[in-house]
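The chain below stands alone, shown as structure tokens; this is the form predicted on its own.
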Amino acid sequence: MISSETTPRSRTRSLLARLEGPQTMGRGPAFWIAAAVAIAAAAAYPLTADAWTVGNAAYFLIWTFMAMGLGVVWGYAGALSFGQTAFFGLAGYAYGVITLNLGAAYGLTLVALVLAVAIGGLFALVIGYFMFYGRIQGVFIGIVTLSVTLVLETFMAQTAGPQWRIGEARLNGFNGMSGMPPLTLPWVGEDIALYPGPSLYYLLLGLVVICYLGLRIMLNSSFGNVLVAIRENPHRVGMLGYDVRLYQTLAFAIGGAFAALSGALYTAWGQYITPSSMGLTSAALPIIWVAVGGRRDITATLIGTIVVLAGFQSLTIYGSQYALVVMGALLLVTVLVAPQGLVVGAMTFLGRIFKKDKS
């Protein structure tokens, strides 16, 4: 007879065991020691840099949520989506509207963050439902999601008149919304406003670690195994009795929620949001991040996104006219030379070296 005290422990062990599995690269003490060292180095970074540089690093971390969400949708579920920026922008505007109307006191910005992510995830759920239950497949998923993104951008760009307002929040058309408060934590005596700097950086770093580990557990569960099976052969999965369209819709909603989290955090970070965040260029860039890192592994997606973002920002500073050209060339090289992703290729190479050393 199993006692009630051991049941939660066994469940915890079962969850922790899913941190490693067939759907994610990296296992064993060496991998987790390297991960712990990387997290420690990231945590120590604000001690060696000024506040502006740390705030800029926080900007990189914000985009990793969108990339990991796209990795789930494209890499694991096999549906190439250009709609991540639509959910990103919708959540950004939702955060702005809610905070401009409710204010920042009493932790209401955190409530706004949760609601914005819920709105973006729900919108993704609706879009995914009509796509997958409407039997849309293959390249047409990319066409539909890109169309949704461009329609939202066009709509928001024409909301410049005074009639386009929600309560106290004016949408301001192409110029976008501004003046919304940053994330604010309720505290005794005085609330803590998380402006770009070490405090926001540490919050985002913690969220990245939690989301990354959570996705590893999910992807190595039966849900993740079914997603990968659908990517490889959806007809066979359907013949085994699984509702393929349901799994695809849920994966799309999860990816949309992660993109919405990026959008709400981006708006809180910069205190503005514009329709250009949902433009064609913005829709294409996450595809490059995920493809270069490796769309079929969440670790590679995370590493590749941070590296490519850092390189892209350096290019925009020292040669902005060439930045997008270089990004396009990088995608072309990845597709031709390492279609599984440059980071995946590097991780596979290192894994072979370690195996040779052990033997």
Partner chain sequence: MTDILRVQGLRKAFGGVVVANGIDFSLSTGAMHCLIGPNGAGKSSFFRLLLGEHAPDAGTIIFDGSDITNLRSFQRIRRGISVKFQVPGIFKALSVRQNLEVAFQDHLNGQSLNTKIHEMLDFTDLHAEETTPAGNLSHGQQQWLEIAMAVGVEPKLLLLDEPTAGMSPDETRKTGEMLHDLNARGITILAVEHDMAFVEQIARRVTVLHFGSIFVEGTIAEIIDHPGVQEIYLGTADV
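Positions refer to the first chain, counted from 1. For clarity, every value in this text was computed on a predicted model and none was experimentally measured.
This next part talks about the form predicted together with the partner chain, which is not shown.
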Is there a heavy atom of Tyr106 lying 4.5 Å or less from a heavy atom of the partner chain in the model of the complex? no
Taking the partner chain as it sits in the model of the complex, is Cys211 near enough to touch it, meaning that at least one heavy atom pair lies within 4.5 angstroms? no
With the cut-off set at 4.5 Å between non-hydrogen atoms, does Asn225 touch the partner chain in the model of the complex? yes
Decide whether Leu102 counts as a contact residue for the partner chain in the model of the complex under a heavy atom distance cut-off of 4.5 Å. no
Contact segment among 94-102, 113-121, 240-248, 253-261, judged by heavy atoms lying within 4.5 Å of the partner chain in the model of the complex: 240-248
